[in-house]
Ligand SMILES: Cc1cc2nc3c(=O)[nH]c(=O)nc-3n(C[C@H](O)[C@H](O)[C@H](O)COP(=O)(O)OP(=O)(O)OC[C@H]3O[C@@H](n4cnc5c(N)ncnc54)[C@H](O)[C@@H]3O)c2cc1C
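Single chain ahead, written as structure tokens, the form predicted on its own.
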């Protein structure tokens, strides 16, 4: 495992280096995915371009929208005060990624561009309607997170392009988020299935806005759109939440592997979705004026 290591000090320099190296180069943020893939021989870059000394990629901004720099670590997500209220689901997704050592260095940007169908934080960001800002030789562009990953390990990043941040709108009043994960252990374990939910209720306790995102049950993290539509303008009753779980399970395309069968993953979705919705409802009621 040998490569040339580069430490640019600006985003522009990082992109110029990437353009110079082409397919022989890779960006390095936290390295918890990249270095494992290099060690296992899945990747063999001749040049690694570190982002550690690039300013402006590690900020968290919360104003009219929420912006997360690509180098924001999972540890910062789980400990940020801004993510302890209605956005608690984001902290819940971050706090089950690996162990403490991994979360201290693993980054939001790395989690996104690695394009694992079981990436916990990506599932929450999908439920938050996140958009991504990418910067490359042709300039800056914004794309939706939904559809950014097209297959396991494959994204819509263009050649020599760098993901710089993820953004999503502030939540409306009477909103809550939840993340639930099923695995053999709570952390340091790839999800067998995971669910993120975002719910906003109107003054009559009906679903004004709902997002349900699923991980580890399709080639990429997905939205359960039929399940979302099933809840529109309806109050969250126990029966309705159970029905929604079954609809979400029918939208999955899980595989069977050494960790779980496809059928078991679908059953987990049918169980986790109503639990996530019920917890959102509970959080909204606790936070109601």
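If you're wondering where the values come from, they're calculated on a predicted model, not measured in any experiment. Numbering follows the first chain given and starts at 1.
Heads up, the form predicted in complex with the ligand isn't pictured, but that's what we're talking about next.
**Student:** Would residue 114 show up as a contact with the ligand in the predicted complex if we use heavy atoms at 4.5 Å?
**Tutor:** Yes - in the predicted complex, heavy atoms of residue 114 and the ligand come within 4.5 Å of each other.
**Student:** Evaluate residue 51 for contact with the ligand in the predicted complex, applying a 4.5 angstroms cut-off between non-hydrogen atoms, and reply yes or no.
**Tutor:** Answer yes; at least one heavy atom of residue 51 falls within 4.5 Å of the ligand in the predicted complex.
**Student:** So in the predicted complex, does residue 78 come within 4.5 Å of the ligand, heavy atom to heavy atom?
**Tutor:** Close contact is absent here: in the predicted complex, residue 78 is far from the ligand, nothing within 4.5 Å, heavy atoms only.
**Student:** Any of the heavy atoms of residue 220 lying within 4.5 Å of the ligand in the predicted complex?
**Tutor:** Close contact is absent here: in the predicted complex, residue 220 is far from the ligand, nothing within 4.5 Å, heavy atoms only.
**Student:** Heavy atoms, 4.5 Å, the ligand in the predicted complex: which of 84-92, 101-109, 201-209, 169-177 makes the cut? Say which one.
**Tutor:** It is 101-109 that comes within 4.5 Å of the partner.
**Student:** For the ligand, considered in the predicted complex: do all three of 33, 118 and 161 come within 4.5 Å of it, counting heavy atoms only?
**Tutor:** Contact check passed for all of 33, 118 and 161.
**Student:** Given that the ligand is left out here, which of 241, 28, 66, 252 has a heavy atom within 4.5 Å of it in the predicted complex?
**Tutor:** Of 241, 28, 66, 252, the residue with a heavy atom within 4.5 Å of the ligand in the predicted complex is 28.
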